[in-house]
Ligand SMILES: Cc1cc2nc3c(=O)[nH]c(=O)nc-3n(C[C@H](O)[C@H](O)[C@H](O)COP(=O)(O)O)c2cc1C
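Next comes just one chain, in structure tokens: the form predicted alone.
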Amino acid sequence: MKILGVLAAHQEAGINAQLLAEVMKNVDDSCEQETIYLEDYHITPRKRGEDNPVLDELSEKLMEADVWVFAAPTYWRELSGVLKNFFDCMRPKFVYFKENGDTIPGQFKNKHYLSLTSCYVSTFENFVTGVTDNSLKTIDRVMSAAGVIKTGEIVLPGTFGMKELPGSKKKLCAKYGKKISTKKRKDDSTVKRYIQLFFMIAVMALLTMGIQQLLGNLITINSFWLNYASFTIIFFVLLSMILHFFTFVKHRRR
């Protein structure tokens, strides 16, 4: 089992490096580990008919590892250019292209990854506005296309002037360091997703019936089809809202 840390920050010893180091420090001793600093590499896209030994070397490091830990700051509400450039240049390695231009997961399918990011804004502002969401979405989008399975994410807001990680984040890093040390054969979130879906539907059905009851006190509806139509519409609206939250909004913001 091997864990590969990927530091995609401009500062080799900054707060993002500390986040990554804290995770890697808590990886089980039985696991092999390596950390690479992307700024040490001259990463450029592969050009037709030309060799690109840098991309070949990085691809080999990714292939050798079972779990990748990406550490990158959030700038301007987006993923840092260092990691984005890495993803862009590695695209032919992450996915295979079909004749019509569609993609399917490439050689790294079923590996796992952990995302780490930080931002200057306060914990409250990040929680309310989701400043770091786009960074995490970009990582998730690339990894999903590559067939790589998400293990989790850690967000560190309020880093302006910060010199050392807060104790709570050190504990969280330690937790994930131990978690990624366990060999995974497949996506172990399937059962969790079914449980979430069950409770999601149960709550939505309860809320829908409650809203229908309130409407019944205002408007008399005796028709079966009107009751059915109102239930369907209300349920659809509520379910769409909660699905949007879980799909696009829910990230570890604090």
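Each residue number is its position in the shown sequence, starting from 1. Every value quoted in this text rests on a predicted model; they were computed, and no experiment measured them.
Keep in mind that the form predicted in complex with the named molecule is not shown, yet the notes after this line are about it.
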Exactly one stretch in 98-106, 115-123, 165-173, 144-152 has heavy atoms within 4.5 Å of the named molecule in the model of the complex; which is it? 115-123
Though only this chain appears here, would Phe127 touch the named molecule in the model of the complex if you measure heavy atom gaps against 4.5 Å? no
Can you tell me whether Ser181 touches the named molecule? I mean in the model of the complex, with a 4.5 angstroms heavy atom cut-off. no
Partner contact for Ile15 in the model of the complex: the named molecule, 4.5 angstroms, heavy atom: yes
Is Arg77 close to the named molecule in the model of the complex, meaning a heavy atom pair under 4.5 Å apart or at it? yes
For the three residues Ala9, Val131 and Thr159, which mark the spot I'm curious about, does each lie within 4.5 Å of the named molecule in the model of the complex through at least one heavy atom? yes
